[in-house]
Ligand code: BMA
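Shown below, as structure tokens, is a lone chain in the form predicted alone; questions about how it binds or moves come after it.
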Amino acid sequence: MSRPELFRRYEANPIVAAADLPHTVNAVFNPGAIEFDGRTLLLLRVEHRTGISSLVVATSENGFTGWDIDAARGLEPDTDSLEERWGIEDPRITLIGDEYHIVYTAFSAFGPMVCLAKTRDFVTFERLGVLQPPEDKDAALFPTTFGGRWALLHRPAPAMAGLGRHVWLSFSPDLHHWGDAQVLIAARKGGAWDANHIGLGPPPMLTEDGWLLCYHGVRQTASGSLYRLGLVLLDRDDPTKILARGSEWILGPHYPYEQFGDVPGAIFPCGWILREDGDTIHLYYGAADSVVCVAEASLAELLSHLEGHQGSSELS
């Protein structure tokens, strides 16, 4: 008998598609997710037929159906600027105090880079500028400080081929000046599912055991890239310390909506929500860079999985 999957897909996936938008677009995917005013709020990446992406708000009572998509509510790229000339994408939302901080990738004239905006109502947004220069992406903030400093997870890309892409951790006293950068989660080598190329998924989630991270690993195959997900647990008080890293991937492309689209074989989450029962997690992800999907898991089961599947965080 096969082992039950840790993440169980919603049977009516996908939950949002391009046809659900009030105007014609190419695709909708990779949403940030948060609970806001008693509803599930997704900040959708909407790729228009121009090729430029913007961020659009969608809300639902139950987090699965009845999505109210407000195309006039969200964050539009400043295409007159060098920083956002080719669009904005892949938001991760972190609540700090009473403000929602959105770390997103700005596709600048010089490559992708990490930027920050904040909002209280997801109607008006204040841009706080560039956090990491090109080429960098897949970034999210912790909701608290460590020793008086904010912490940012991000994924720079080295200029030299063959060095791999890894998840880094940087610190800041003010959310503007960043330093003390270090590799936190190194991509494995060889035949591992997460060899050579990894990146952060949703923002870190605080649990009784520490900070739970979900990350993606990209495996190159003869037919293209496979994006699959794994788990890491960090120390609650010291995010530079890895307590556990799963040796197995826990969610990968399987269904047609994940296998066929603009980027076949891609599962890419930017948001997850821990529900009121303290155990149910809803993971919101883009499938094949074309549609939005959701999967459900038990927090207790994820932590138990990490206890039984600890793996090395080293490069080899």
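Keep in mind the model is a prediction, meaning the values are calculated, not measured. Start at 1 with the first residue shown and count on from there.
Beyond what is shown, the protein has a form predicted together with ligand BMA; the following relates to that form.
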Exercise. For this chain shown on its own, do L42, E99 and K118 all sit within 4.5 Å of ligand BMA in the predicted bound form, going by heavy atoms?
Worked result: no
Seminar exercise, completed: None of V291, V46, V57, A266 but one has a heavy atom within 4.5 Å of ligand BMA in the predicted bound form; the exception is A266
For this session: Look at the stretches 246-254, 272-280, 26-34, 58-66 and give the one with heavy atoms within 4.5 Å of ligand BMA in the predicted bound form.
Result: 26-34
Problem set entry | Proximity of Y104 to ligand BMA in the predicted bound form, heavy atoms at 4.5 Å | no
Problem set entry | Close approach of D90 to ligand BMA in the predicted bound form, 4.5 Å, heavy atom | yes
Exercise. Contact between H154 and ligand BMA in the predicted bound form at 4.5 Å, heavy atoms?
Worked result: no
For this session: Although ligand BMA is absent from this view, report whether K137 comes within 4.5 Å of it in the predicted bound form, heavy atoms only.
Result: yes
